[in-house]
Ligand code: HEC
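So this first bit is one chain, no partners, the form predicted alone, shown in structure tokens.
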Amino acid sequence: MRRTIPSPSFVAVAAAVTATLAVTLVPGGTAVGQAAVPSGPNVVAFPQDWAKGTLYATVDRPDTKQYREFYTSAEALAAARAGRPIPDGTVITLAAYAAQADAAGAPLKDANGRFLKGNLLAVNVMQKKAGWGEQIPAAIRNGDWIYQSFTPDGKANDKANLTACYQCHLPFAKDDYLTNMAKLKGTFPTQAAAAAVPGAVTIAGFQFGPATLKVTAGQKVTWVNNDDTPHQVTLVGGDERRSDLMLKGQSATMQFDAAGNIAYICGLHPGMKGTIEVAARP
């Protein structure tokens, strides 16, 4: 297959999506009710020639200190950019590498400010095949996509939390469950970072800043995404509102009418956490 490397401008804004398989696979399982997918081998086979596919995005993940590459077939990429359905049989591969680090553990960067690629950590795969979705509990089914995580030597990772992959991609049904459809289409924003908004929460470096924001009941809160990665504000604990997906330079706003402490996370990167402290009106 032809290997296409993104232009410098695209590379500078490529992000982890939630990007395909944006969830870091961890031991154990997370269920939605009784819905869970067992770890270990399944119908997805290790793609021996994954590095010969079309490289369509690269990603720096400061939250996990990883450098990531995303590959698919030229046919899948052409279909996405023509607005056609992703072809049956498509394989999308995420190669996760440790970022090279200095003595203090901080990622080393090249002249363009990008992470330097270190050792390969995992090869994560999603594959679409007619009928495969029937194997997955309906509550978390992603159409006919199946996920698998492999160790660098091609063995299925029996500690992978595959359920988390389905949960992460589930809100993206309109994009064929792909969190990085904008990158496949070549329409991911390349604009400069959004301007600061007084009283807003800035998203940068996979962190909410400030982590805790104090407001008064009836006030609106705006989140502004300055990362090259899409993010999504998801409230937890009673009020379970979820914002629209925010690409780079975009924002989302929610109003809080009741006093109390509201916890929230990024729906795509659950390790990102914040709190809105809502005081009663005077």
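Bear in mind that the values here come from a model prediction, so they are computed numbers and not experimental data. C-alpha atoms forming the largest set that superposes within 1.5 Å between two forms make up the rigid core. Residue indices: 1-based, along the sequence shown.
The same protein also has a form predicted in complex with the ligand, omitted here; what follows describes it.
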item: Three-residue site 94, 147 and 178 fully in contact with the ligand in the predicted complex at 4.5 Å by heavy atom; value: yes
item: Location of the ligand contact in the predicted complex, chosen stretch of 207-215, 129-137, 104-112, 68-76 [non-hydrogen atom, 4.5 Å]; value: 68-76
item: Heavy atom of residue 164 within 4.5 Å of the ligand in the predicted complex; value: yes
item: Heavy atom of residue 61 within 4.5 Å of the ligand in the predicted complex; value: yes
item: Touches the ligand in the predicted complex: residue 203 (any heavy atom, 4.5 Å); value: no
item: Residue 56: touches the ligand in the predicted complex, heavy atom cutoff 4.5 angstroms; value: yes
item: Partner contacts for 218-255, taking the ligand in the predicted complex and a 4.5 Å heavy atom cut-off; value: 229, 230
item: CA of residue 245, rigid core aligned, shift of 2 Å or more between this form and the one not shown; value: yes
item: Is_shifted residue 227 between this form and the one not shown (CA, 2 Å cut-off, rigid core); value: yes
item: Core-aligned CA displacement of residue 124 at least 2 Å between this form and the one not shown; value: no
item: CA-CA separation of residue 270 and residue 147, closer or farther in the predicted complex than in the form shown [shift of 3 angstroms or more]; value: farther
item: In the predicted complex, shift in Cα separation for residue 126 relative to residue 270, 3 Å or more; value: farther
